[in-house]
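For reference, the chain that follows is the form predicted on its own, supplied as structure tokens.
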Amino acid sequence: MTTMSPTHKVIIDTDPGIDDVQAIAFAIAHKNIELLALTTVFGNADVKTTTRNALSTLEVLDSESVQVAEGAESPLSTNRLDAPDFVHGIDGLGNIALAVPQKVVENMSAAELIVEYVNRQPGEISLVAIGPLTNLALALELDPGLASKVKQVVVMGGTVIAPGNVTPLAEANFINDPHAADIVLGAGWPITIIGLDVTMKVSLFDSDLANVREKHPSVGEFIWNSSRHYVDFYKAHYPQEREVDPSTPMHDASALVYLVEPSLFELVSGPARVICEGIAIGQLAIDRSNRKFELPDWENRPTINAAVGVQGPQVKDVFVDTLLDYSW
């Protein structure tokens, strides 16, 4: 009997990050995803911390064969913003004090690893970026033909209609490196944005995480413990309809669910820019009008897709069921 290969060969570009851990766990557990590597970037913590978190997460999830390459420590042009430790904790993982990992990083940069994988398997690699987009921009600089060789790019970042979470206009991953985001959205590869318009509508409840912990005590305890700081942040800053069963938005894991269940998302399309200076820095601006404007800034830009609608409960169920069904 032959075994079918997973549909998606994936590199996750990540800044772990509590919700990054959830996304990584989903990628490992889903039968149609082959997780090849994690490439790390600054964002939820400094890059040394996010790299350590990536290594430790793979050890806890019993996936040490997944490669890890360390990436950018700062944005391309702007000053690095302070890490949001009030959201993710000083260690980026809710201050749970993980043991020092035994696994080590690859002897190449994140951008180099991305370029090597894509050129070795052209047309087969999906890049899922759930942190600032600096590594992807650097990979495009290393290999200007990279965009034509990638199967697809899925980005958790930005917002089309909904408010931002760093400013009224800007989401965290895009404002952390707006120049990189603008480069990545202009590269011409097949790209879909999974931003706050949809991720704020996918609620992951404590009862869901408790079910995972009961079914898979070791992995479930790790995901549960790391999420406590995150839950406390959202309880303090966002109204909770169900205080007896607190929830958090499922930001990063939603991008991985899109990869395997795209029909659960409603998309719009058009040429896009990311604003790189001024009061609107970090804003995602998509031209959905199909008009010619007086100023040319959106002309000759490739069409991208961005999610604006989502079947939130179904997306959450795909995530939870995948974790429950896996043999950790």
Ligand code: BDR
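One rule holds for the numbers: they count along the sequence shown, beginning at 1. Treat the numbers as computed from the prediction; the structure is a model and nothing was measured.
Beyond what is shown, the protein has a form predicted together with ligand BDR; the following relates to that form.
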(request) Check, residue by residue, if 192, 197 and 287 all come within 4.5 Å of ligand BDR in the model of the complex, counting heavy atoms only. (result) no
(message) I need to confirm a contact call. Of 256, 181, 139, 156, which residue comes within 4.5 Å of ligand BDR in the model of the complex, counting heavy atoms only?
(response) 156
(message) Between 130, 185, 72, 93, only one gets a heavy atom within 4.5 angstroms of ligand BDR in the model of the complex; which residue is that?
(response) 130
(message) For the interface check, one of 119-127, 101-109, 164-172, 220-228 should have non-hydrogen atoms within 4.5 Å of ligand BDR in the model of the complex; which one?
(response) 164-172
(message) Would you classify residue 252 as touching ligand BDR in the model of the complex, given a 4.5 Å non-hydrogen atom cut-off?
(response) yes
(message) Residue-level question: is residue 53 within 4.5 Å of ligand BDR in the model of the complex, judged on heavy atoms?
(response) no
(request) Classify residue 44 as contacting or not contacting ligand BDR in the model of the complex by the rule of any non-hydrogen atom within 4.5 angstroms, answering yes or no. (result) yes
(message) Using a 4.5 Å heavy atom cutoff, which residues in 19-58 contact ligand BDR in the model of the complex? It's fine if the answer is none.
(response) 19, 20, 44
